[in-house]
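Only one chain is given next, in structure tokens, and it is the form predicted alone.
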């Protein structure tokens, strides 16, 4: 690690983005200093990657979705998201990764992809290709997709039921693990001109998977990549999602706008990890946050207010409708949603939480416009606004109170907010000894730099993917011996 604070836990600091003009700040595409509307220009992504790596961000995490938020003023109304570019339009996040990797050496790239609408063989192939091109710096944010509009885009009448999506995802992961870890033996590729062998016969095998949801013969068409299995992100919060995430994730994104709420989720995940046989410290827990920092508290607050002047309320409330499944347009403009009849209790609880953290919040009437203001920059995540010292104190409180390992940091303007963090905040964090001077393994893989445990690029022994590994010298992978015996 860096030279300062080597004995302290080093925080994970991710940049959070989306291949869209607007991520969690609808309308901010209009800001003269924002470049996110250049999302279809490779130059934007190349510049962003260079900036993030020079600042030593752990990685760039790219969210994605396969539909449109059409609950607000709906159902099925797509118009509210259009003026403010509220996560629409949105393009495939995969292609830009190779270009960003070409101008960086250590920055990781977390890519969101769903297990519900694509065959695992195709996705495994794409991730292996990128793991090669990035020299092992890719991660997969596993989602099961929750938008009704996404299901209809893929020809379904409605969504696959929630728990069924996770059951399907479990098999999906097993197929990808077999392809990544168990289709090519660790010593399969020799590239030996003397023996005229690129790959040794007998060291590549079909997986012949046949399950409830998927069939795949294999073998994997891509030779083993640096990590084999990409670094795994997940954000499941339901009962089924939490079990799935705790089993498979190497980093998890936790909900909550207050540390004590997030602490409950963090504690339950660490307890569950022990119960299922994983080292709880092997799962990095990250909270979503937006950081607006400047030289002084006053300058940062003025910057925040100036950003708010560009916010698009309809776009923000459309995002709210997509996140919570609630069409807030059905209630009156002056209604206090903390007490609105028929308004979901979970959302009312969120508004009560806001009331305890927003100045004057207990006396504020939580109307549509007030909700839009609080969600306008960063969405349903925490905020840290102020000088480097103020923001560092807020983050330290989150680390201690929520028992987390770091943050997924969104933006109002990009790359400007990230540049401010690098200029103002990171020096203060380094002074406190909680953020590295350089990557744990400069030029290393995503897993080496996120884990920072010196155990190399492959999945750890307590991860479910490890049981599928085909080690040098084995006739078949250990997991497959029973299958071979049954054929005999």
Ligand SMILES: Cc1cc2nc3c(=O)[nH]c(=O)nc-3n(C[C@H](O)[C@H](O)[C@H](O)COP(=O)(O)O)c2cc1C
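If you're wondering where the values come from, they're calculated on a predicted model, not measured in any experiment. Positions refer to the first chain, counted from 1.
If you look for the form predicted in complex with the named molecule, you will not find it shown, but the lines that follow are about it.
In the predicted bound form, the named molecule lies farther than 4.5 Å from every heavy atom of residue 321. Interface residue remark: residue 301 is not counted as part of the site for the named molecule in the predicted bound form, having no heavy atom within 4.5 Å. Within 4.5 Å of some heavy atom of the named molecule in the predicted bound form lies at least one heavy atom of residue 141. By the criterion of a heavy atom within 4.5 Å, residue 241 is counted among the residues contacting the named molecule in the predicted bound form. A heavy atom within 4.5 Å of the named molecule in the predicted bound form is found for exactly one of 88, 166, 354, 172: 166. Between the options 246, 216, 112, 387, the residue in contact with the named molecule in the predicted bound form by a heavy atom within 4.5 angstroms is 112. Proximity to the named molecule in the predicted bound form, taken as heavy atoms within 4.5 Å, picks out 145-153 from the listed stretches 145-153, 330-338, 305-313, 276-284. In the predicted bound form, 235, 236, 237, 238, 241 are the residues of 219-248 with at least one heavy atom within 4.5 Å of the named molecule, listed from first to last.
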